[in-house]
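Shown next as structure tokens: one chain only, the form predicted alone.
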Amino acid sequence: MKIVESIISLNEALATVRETGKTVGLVPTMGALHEGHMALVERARSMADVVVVTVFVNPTQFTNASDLTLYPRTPEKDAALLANHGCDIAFFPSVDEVYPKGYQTPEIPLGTLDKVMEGEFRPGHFKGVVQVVNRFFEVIQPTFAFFGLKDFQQVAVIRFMTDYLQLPVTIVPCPTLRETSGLAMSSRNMRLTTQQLDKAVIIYETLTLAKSLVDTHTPAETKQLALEHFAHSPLKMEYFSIVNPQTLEELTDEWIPGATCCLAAFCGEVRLIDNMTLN
């Protein structure tokens, strides 16, 4: 595995790949890697000739300065994991490398996609996501790009951006990996105590309850019962929405194929997100 830190070195590493027409699979990450990320790398390995993983804590998608500061950074561990899971090129760039002076991001009219759920509570977050993903697409020119469905809304935004800019990359969404408890794997879990990890399982339990109610209740009724269940936990709910998987509009009266429940909650100071397809 090659580890590169500059775009010049990255282009040198990809030169032969481009000349020979090999396919490139990109896995963008913010580091603090875990088995969920490795599942993305292995999926990329199965579909592409060459796997590139970016490890970059993107400052433009953080709306909370302390969250950016506290975000776990484990570059040595990340590099070792990637080397053991089939990564060919690991790109660890600096902020100045990703965003050189004068760099302009294309304006993407996301409409309601970035106004609800994460967009409502983290204004500007998806502008930062679009900025960094488009930049990596521009630099790496991947054939495929792999994203975990734990960030369900992010995948919807990136799909929209890719279609809007008519970029020649196939977006490959990958299922959420979970701990044996059901808790979605996340780099933020590293900040939770053992007790908090136990308490955070209420998120998965609430999603599972919602899924069990689909045949007998409307989306609005399902939401109400799920919130009542969640209220018995010490976690603080930020939002809970049952949405159309394409438009992210909230469902109330009728179910549609692919209806998805998305939530964000605080476990202590740590903000966790999760989702589940209900129908």
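When you see a residue number, it is the position in the sequence shown, counting from 1. Everything numeric here is computed off the predicted structure, so don't read it as measured data.
Beyond what is shown, the protein has a form predicted in complex with pantoate (PAF); the following relates to that form.
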*Give a yes or no on whether each residue among 153, 173 and 275 has a heavy atom within 4.5 Å of pantoate (PAF) in the predicted bound form.*
no
_Tell me which stretch of 227-235, 56-64, 249-257, 210-218 has a heavy atom within 4.5 angstroms of pantoate (PAF) in the predicted bound form._
56-64
*The single option of 139, 132, 185, 201 touching pantoate (PAF) in the predicted bound form, heavy atom within 4.5 Å*: 132
*Would you check, heavy atoms only and a 4.5 Å threshold, whether residue 36 touches pantoate (PAF) in the predicted bound form?*
no
_Taking pantoate (PAF) as it sits in the predicted bound form, is residue 222 in contact with it (heavy atom to heavy atom, 4.5 Å or less)?_
no
*Give a yes/no on whether residue 30 approaches pantoate (PAF) to within 4.5 Å in the predicted bound form, heavy atoms considered.*
yes
